[in-house]
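Single chain ahead, by itself, as structure tokens, in the form predicted on its own.
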């Protein structure tokens, strides 16, 4: 292996771990802030470290400390299989984490004669990996509920297992229709396919080429991640807390974090298969490299505007009433964060001025485009995570029988019909 391949592999692995793990406190914060916005109340905004609140994100880190220090409770009636009872949350968390690792964060880097993938696990069968590993996560839920020897936990585990049986079929069929359309099981090839156009002017995103399959995929992934309106496995009003009733402290935290990692993974799969992944509409990687000067100029114009909006929003909202003496360092925090954003913007502007107008370093341009695509991927990822959260706090939870009816009576026949029509169209076009 060359030095470049080793560096890219290490960078991709670190990036995948950061996007999967460091987004957990951010997603918890978004969950609370969006819930408070929808319910017309304030979210977490007090917890701080030396005056830095970061809009309330520090509260999530405080929760991590709390869960680490909480007393571990082991039900005395669990005699056999206690090790599996403790391992069950780890299985769920690990499966969600591994499923995320095959997502491409940017296009393949061509350095010399090498084609280097920006994936934590650089495989070309990412769809099959996601379907296989993603389905393993339910084992942790089933083991946790079964070994709890608690009727509520057992009911929650049984519901989770039946959900997987019900929704893996339409999920697999919708994915199969997309595989037939793209003619590949490689996530990166799917994103490259979507960089074209549809009917000559529409971006060839999967959601436009396969609207029915895309909708079925999104609904099935909502069910697979146990997010509202499909949280029947944790129905508090019916079965206390479902499969995690007897899990405390870090065992509960692993289930809790696993849900957010699974949501993050589902969002990544949706944007990769349906919304162009790391690509902007109508803009391919080759176009960015060919017209790099125009691309650099566009970034130099748009970036200061976006940073200015963020700073203005922060100065307006990161305040508190003058009568409140616990303001602490909110003004200081705003100044520090504003200065950091301005310095970052000036640095990026300088880099793009140099690359776009004073040099023609192909390798540097390729790396700049890759970093830009990573940013596009992260923005799309967070937007779809926000969509997951908004759905949770606006749509009521379905009854268990309604969930099963939707999966078997509606999604499965529609997925079969969509696959049949897709196969006919693809065969007709290819012939």
Partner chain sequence: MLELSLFVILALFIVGGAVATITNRQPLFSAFGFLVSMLAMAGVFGLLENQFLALAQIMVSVGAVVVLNILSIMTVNAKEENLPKELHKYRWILLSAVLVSPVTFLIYKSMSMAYQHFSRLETVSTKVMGERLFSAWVLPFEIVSILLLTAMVGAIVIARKKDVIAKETR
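Quantities reported herein were computed from a predicted structural model and do not represent experimental measurements. Numbering follows the first chain given and starts at 1.
In what follows, reference is made to the form predicted together with its partner chain, a form of this protein that is not presented.
Between 289-297, 188-196, 357-365, 120-128, the stretch whose residues reach within 4.5 angstroms of its partner chain in the predicted bound form through a non-hydrogen atom is 120-128. When contacts are judged by a 4.5 Å heavy atom cut-off, residue 214 does not count as touching its partner chain in the predicted bound form. Among residues of the shown chain, residue 142 is one whose heavy atoms approach its partner chain to within 4.5 Å in the predicted bound form. In the predicted bound form, residue 152 stays away from its partner chain, with no heavy atom inside 4.5 Å. Its partner chain is not shown here, but in the predicted bound form it comes within 4.5 Å of a heavy atom of residue 157.
Contact with its partner chain in the predicted bound form, judged by any heavy atom within 4.5 Å, is made by just one of 348, 283, 84, 249: 84. Site annotation in the predicted bound form: the residue of 337, 179, 138, 253 reaching within 4.5 Å of its partner chain with a heavy atom is 138.
Contact here is defined as any heavy atom lying within 4.5 Å of its partner chain in the predicted bound form, and by that definition not a single one of 276, 311 and 371 is a contact residue. In the predicted bound form, not one residue of 249-282 has a heavy atom within 4.5 Å of its partner chain.
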